[in-house]
Each structure stands twice: as C-alpha cells, then as structure tokens.
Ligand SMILES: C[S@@+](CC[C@H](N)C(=O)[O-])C[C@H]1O[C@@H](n2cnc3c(N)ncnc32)[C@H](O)[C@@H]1O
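As structure tokens, one chain now follows by itself in the form predicted on its own.
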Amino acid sequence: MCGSGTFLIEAAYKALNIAPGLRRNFAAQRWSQIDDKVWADARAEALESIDRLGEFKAFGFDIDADAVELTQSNARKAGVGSKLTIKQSDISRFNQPENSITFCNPPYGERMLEIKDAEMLYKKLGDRLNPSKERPCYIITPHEEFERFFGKKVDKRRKLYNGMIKCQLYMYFK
C-alpha cells in the first residue's frame, strides 16, 4: 500500500534533514522586496544541513506493480531512492520487523476497491500487524468501524482530511 511513495519519501526527508521544498521554486522568489541573496543563503544552509550519511532505511510494498514502479520513480526523482526498498507484495505476506514503524493509507472503498473489499483488507491488516511499543502502527482511513475490522482497539486517534475526505488516523503504539 505504498501508493506513489509520498509517506516513504517524506519520512526519508525528515530522517535525513532534507528541507521541504528544497527542490522547488516559489513565487515569492520573484518579489523585488526580497533580495536574491536571502533565497540563495537559505538554500545553501538547507543543503549544508542534509545528513547525507543518515542511517534511514524504509520499505514499501504494494500489490500493484504500477504503484511499485511509480514509488521507485518518485523516490529517485526526490533523491532518496537508495534509502528505500520497494517491492510488489500482498499484505497477507507481510511480517512487520521488530523496531519498525508501519504507516499506511489503505484503499477506502471509494476511489479504489469496493467498501466490502476495503473491509476485508482491514481484516487482513489486523491479521498481519501486531502493534506494540516496539512496532507501532499508524493507519489512515475514513471507515467509522475500522477498529472492528482491524480487530484491535486503538490507542489514540486524530481527525484529519485526506483531500476532501474526512478520515481518522488510528494510532497503535502501546
């Protein structure tokens, strides 16, 4: 469920101290009241702050070969391809490693899958994931009965929106 790799790439950026927007240009850069040197200095400082030897390693899996290819491509474009291992695999074969964090945004049964299929997927997730202090899990979904299908009582949850879709971030960490 790595999709296009957004969570993996952002996690790599955070771990390696890569500033958000470092590879972008901003409309404010054309404003005459801000000297070009300010932008150049900020970019140089951000580049110097990157932890190029960071120990970060992340793994992404998706059942869809196109999603795997897209994630790999996006990770290379973002400059973190060497820090990510992306493979095609079904959730029913996933074994969560010790001392790892699982974060996913599985299909909701709206744009991808039917609701019943999404509910079956949530059950599979619950069968494969054993959240604990050493292996926390964070799952985003709009499904009001996610816990029932996942089979585990949540430790904490937060409301959020994924685009226009009202969701919950289910946090398992005890």
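Everything numeric in this text was worked out from a predicted model, so none of it was measured. Don't overthink the numbering: it's just position in the shown sequence, from 1.
As for the form predicted in complex with the ligand, it is not shown, yet the points below apply to it.
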Check: So which of 55 to 63, 34 to 42, 130 to 138, 144 to 152 is the stretch with heavy atoms within 4.5 Å of the ligand in the predicted complex?
Finding: 55 to 63
Next item on the list: Although the ligand is absent from this view, report whether residue 105 comes within 4.5 Å of it in the predicted complex, heavy atoms only.
Entry: yes
Notebook entry, point to check: Is residue 78 one of the residues lying within 4.5 Å of the ligand in the predicted complex, judged by heavy atom distances?
Noted result: no
Next item on the list: Indicate whether the ligand has at least one heavy atom within 4.5 Å of a heavy atom of residue 86 in the predicted complex.
Entry: no
Note to self: How about residue 98 - does it come within 4.5 Å of the ligand in the predicted complex, if we only consider non-hydrogen atoms?
What the structure shows: no
Notebook entry, point to check: For the stretch 1 to 34, which residues lie within 4.5 Å of the ligand in the predicted complex by non-hydrogen atom distance?
Noted result: 1, 2, 3, 4, 5, 6, 7
